[in-house]
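Below you will find one chain, with nothing else, as structure tokens; this is the form predicted alone, and questions on how it binds or moves follow later.
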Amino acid sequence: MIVTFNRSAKLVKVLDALDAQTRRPEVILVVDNASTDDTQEVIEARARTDLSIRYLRLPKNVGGAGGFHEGIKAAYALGAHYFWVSDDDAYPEPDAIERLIHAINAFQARNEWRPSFACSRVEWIDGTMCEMNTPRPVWDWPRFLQPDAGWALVDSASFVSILIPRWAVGEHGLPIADYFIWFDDAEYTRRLSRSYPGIYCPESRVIHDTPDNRGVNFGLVDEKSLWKFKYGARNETSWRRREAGIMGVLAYTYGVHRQMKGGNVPWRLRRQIFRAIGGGMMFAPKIVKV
């Protein structure tokens, strides 16, 4: 399942990469956030010759979070056993999906625990690790590492080449659409991990074709990126209040403050981030079940 918005050229490269998979998805669901470029024409033309493609055009742009929410809901209704979820600018290597499927099944067969997701190693276009797509390890992440099975336990990952089993969606519901953008993937995978952590599969590789290779650090806030950071601050504050209460929010606010101070972010921008954190205190979106 791929969520897209106004990037038809990159989306075609993703579909080409899926065509070349050693384990090709039975159904490829393209969720279009009401693109205004030629995405609809391009995908509908391709779907006439590739019957595995399903095209879901949303009536308006509901952000990445809304797109992943609608896409997983639709894929669940189609009866999918596994959901491979990714952005429209990430190109999986030919064996990326096969290796994720093998890893999640082999881990369960060896260890009797069933991972709630499996995620790929995400590389930037120069082959280095993509900073924004770094999974978060749990405290005992190397518990089941073996020379022939280097799968680390993680509890947070991005929506860039992640495989989610049907049972996890059934137990934990859908991503929060109201987030619109940022932190929707972190919240969702941490929620899935309540059952059992996911696994990081470095042998499954995907190339993330982003303009630059930057992590999520509030010291990087500038005029251009402010709107995204504001969503991120609101959404993570909401999650921290839900999971850790006011002390969790205070610790988060202090961390954001230190990052912005370290990055010499102008005060007029810092004030907007702090207002977003304040908004997150009152923001309590519902979790929708399937």
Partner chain sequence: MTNMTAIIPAGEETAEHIEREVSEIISVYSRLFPTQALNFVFYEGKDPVWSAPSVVEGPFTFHPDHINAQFLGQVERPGAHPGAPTVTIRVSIPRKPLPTELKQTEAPWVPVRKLRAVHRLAPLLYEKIRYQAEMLRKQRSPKRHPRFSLPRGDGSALFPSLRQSNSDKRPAILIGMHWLEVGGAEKLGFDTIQWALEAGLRVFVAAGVPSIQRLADKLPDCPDVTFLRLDRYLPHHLWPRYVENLILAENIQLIHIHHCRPLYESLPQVRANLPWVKVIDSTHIVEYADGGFPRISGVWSNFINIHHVISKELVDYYRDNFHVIGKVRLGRMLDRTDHQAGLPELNMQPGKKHLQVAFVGRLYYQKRPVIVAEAFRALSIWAKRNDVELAGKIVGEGPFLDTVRGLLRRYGLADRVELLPANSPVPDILRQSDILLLPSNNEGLALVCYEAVEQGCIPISTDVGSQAEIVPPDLLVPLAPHACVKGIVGAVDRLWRDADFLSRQREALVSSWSAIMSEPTAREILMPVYQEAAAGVLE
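What you are looking at is a predicted structure, and each value in this text was computed from that prediction instead of being measured. Residue numbers count along the first chain shown, from 1.
There is also a form predicted in complex with the partner chain; it is not shown, and the following applies to it.
Trainee: Of the listed stretches (37-45, 231-239, 218-226, 251-259), which one has a non-hydrogen atom within 4.5 Å of the partner chain in the model of the complex?
Mentor: Selected stretch: 37-45.
Trainee: Is there a non-hydrogen atom of Ala74 within 4.5 angstroms of a non-hydrogen atom of the partner chain in the model of the complex?
Mentor: The answer is yes: Ala74 has a heavy atom within 4.5 Å of the partner chain.
Trainee: Any of the heavy atoms of Leu78 lying within 4.5 Å of the partner chain in the model of the complex?
Mentor: Yes, contact at 4.5 Å.
Trainee: Is there a heavy atom of Leu51 no more than 4.5 Å from a heavy atom of the partner chain in the model of the complex?
Mentor: Taking the distances in the model of the complex, the answer for Leu51 is yes, it comes within 4.5 Å of the partner chain.
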